[in-house]
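For reference, the chain that follows is the form predicted on its own, supplied as structure tokens.
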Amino acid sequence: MATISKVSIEKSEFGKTEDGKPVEKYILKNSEGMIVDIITYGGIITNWTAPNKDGEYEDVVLGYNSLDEYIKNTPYFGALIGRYGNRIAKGKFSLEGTEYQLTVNDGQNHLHGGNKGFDKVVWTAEEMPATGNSVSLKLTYISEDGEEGYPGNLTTTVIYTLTDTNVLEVDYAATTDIKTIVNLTQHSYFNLSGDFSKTILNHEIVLHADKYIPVDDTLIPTGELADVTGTPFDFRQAKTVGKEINVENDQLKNGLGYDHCWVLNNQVKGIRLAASAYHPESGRLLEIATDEPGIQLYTGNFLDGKLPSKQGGTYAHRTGFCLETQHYPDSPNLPGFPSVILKPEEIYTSTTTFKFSTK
């Protein structure tokens, strides 16, 4: 355990996987009072505290209290997602004339890396040398050639850095020995009220996106980039999640609510503000910046009151939302979308920051 004056990181045991691999928990703390708990199984953020307008820190992410529950019930709470976040139609794509068949685990499509994606493997953790105002944990995973159907041995590192300004930075990097596809993201479910028995319908969301990606009834993109103007998908000005989520709309019907990728503005600018979420009652504000071209808003549409809450009771419908920074779904099959191909001579990199404050 390494500790310095302002920030600290603590390590403890968090159980063992079904095949006996030990899983560790790392607790990142800053001097303001923010705590981020990360386990090596799936790189999952299990707890994340943020201040309300009275300065009280409360956990604001859905999850479980035990490893067994993460292994048993997996709506991807808090996990790192890979090799490919989101969906690939029929689990198929081609590279240089070779067709690859991935695991199909979402009806007829491939979702979030397959049956055993990056959310279900044990990562190797390394505490990074701390600075005066930030603390970092580096996670590494080597995905072998052919795992879940993907080509190439892919070495992935994810660095979680907590700063004294209540920012969590997530830095992704990956290399391959054979041309492959990569699209990594972080799948935390937020509820800024800190009370997971409440829905997220009163949260005000802003998405800096003039367009979104319509999907078919299996949630695969049609290939169109549609203007948000005059639709329930216009979040350019702050709007509550619940305001239009139940209006008559084919796209909302397909997603059972919001489960779509927005086309972020200013894609050539690198890291820029992509989205924010505000909970008026607590005053909590979450701002997300990224260098990714897209962001998926998911409104907990499949939560059905069956999964146990770490606060007691269960997670009801729409008690958490996700804002996942990423490339677009099914990009390997849609040449007009930004490329997700990684070549052996290249390094995949991506950065997303989550900043908490109050207003």
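Computed from a prediction, not measured in an experiment: that's the story for all the values here. Counting begins at 1, following the sequence as shown.
Quick note: we don't show the form predicted in complex with a small molecule, though the next part is all about it.
At least one heavy atom of Gln296 is located within 4.5 Å of the small molecule in the predicted complex. Contact check for Glu324: a heavy atom falls within 4.5 Å of the small molecule in the predicted complex.
Remark: Pro75 counts among the residues lining the small molecule in the predicted complex, judged by a heavy atom distance of 4.5 Å or less. By the criterion of a heavy atom within 4.5 Å, Tyr189 is counted among the residues contacting the small molecule in the predicted complex. Screening Val263, Leu219, Ala275, Val104 for any heavy atom within 4.5 Å of the small molecule in the predicted complex leaves a single hit, Leu219. Just one of Glu147, Asp210, Asp164, Asp259 comes within 4.5 Å of the small molecule in the predicted complex, counting any heavy atom, and that one is Asp259.
Comparing 296-304, 43-51, 311-319, 64-72 against the small molecule in the predicted complex, the single stretch with non-hydrogen atoms within 4.5 angstroms of it is 296-304.
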